[in-house]
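One chain is shown next in structure tokens, namely the form predicted on its own.
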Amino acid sequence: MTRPQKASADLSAQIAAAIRDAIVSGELIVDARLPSEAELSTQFCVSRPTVREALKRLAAQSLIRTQRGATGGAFVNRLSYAEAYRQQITTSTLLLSMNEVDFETACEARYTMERACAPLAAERREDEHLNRMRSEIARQQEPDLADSDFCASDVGFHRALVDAAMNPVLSYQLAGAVEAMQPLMNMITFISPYRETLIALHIRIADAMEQKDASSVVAGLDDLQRETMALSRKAIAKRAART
């Protein structure tokens, strides 16, 4: 592991980065025990509290776990798909909510990636995926459904579409693009005519999925992207007019 440059004010971040790089490169393998705090302190020429802070950073990223007792210490974690999935959503949500990425950029990325996985989804979809999509459409048609619940249902619909591709890498990559957009979608008021338009497109896409018609799924996603972006522009303009 590379020793951090002492000129930096945040040595704990540099130590965490060095250990993370060792894990990613395979120098430290899964379940390997890290050196003790005292050994790391000597290795990096820093205080034990600085090492402790670095280990906290790594634990927060689920890269290491700590165990107490005589055989305890810090160990390289076996990161599960579920944990990585949640982290992807959390990171993407923070980026979007902090305006690091604007709505249209996020929307463009979401639909571009969804269109890319549509052929696989149409080919491999199972009844379970279709049932999930139909269930969300039924939920969206509930007359008293709140806007935030409509957005959550929209996420569920698209999640089912992506999962139908039966490719965990695609599901992981799209987790941030689809689910992290929900807080931004919550700013849109889905009055009745708009809901009807979006629901009609959802039905069209679900029908195309059932028929394994990939080109029609892609065309439906094209139209859905245009409608979603038009709605967001109206919402942003309306909010700007209030200020």
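Start at 1 and count along the sequence shown; that's the residue number. Quantities reported herein were computed from a predicted structural model and do not represent experimental measurements. In this text, the rigid core denotes the largest set of C-alpha atoms whose superposition between the two forms falls within 1.5 Å.
Below: the form predicted together with the DNA, not depicted.
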### Task
Spell out, yes or no, whether the shortest heavy atom distance between L11 and the DNA in the predicted complex is within 4.5 Å.
yes
### Distance check, A208 to the DNA in the predicted complex, heavy atom within 4.5 Å
no
### Query
Does the DNA get within 4.5 angstroms of any non-hydrogen atom of S80 in the predicted complex?
no
### Message
Would you classify P119 as touching the DNA in the predicted complex, given a 4.5 Å non-hydrogen atom cut-off?
### Response
no
### Message
If the cut-off is 4.5 angstroms on heavy atoms, which of these, T197, S62, S215, T66, is the one near the DNA in the predicted complex?
### Response
T66
### Query
Which one, 23-31, 198-206, 170-178, 52-60, holds residues whose non-hydrogen atoms are within 4.5 Å of the DNA in the predicted complex?
52-60
### Query
Quick one: which residues from 112-146 get a non-hydrogen atom within 4.5 Å of the DNA in the predicted complex?
none
### Message
Quick check on A74: with the core superposed, does its CA move 2 angstroms or more between the shown form and the other one?
### Response
yes
### Message
Superposing on the rigid core, is the Cα displacement of D213 between the shown form and the other one 2 Å or more?
### Response
no
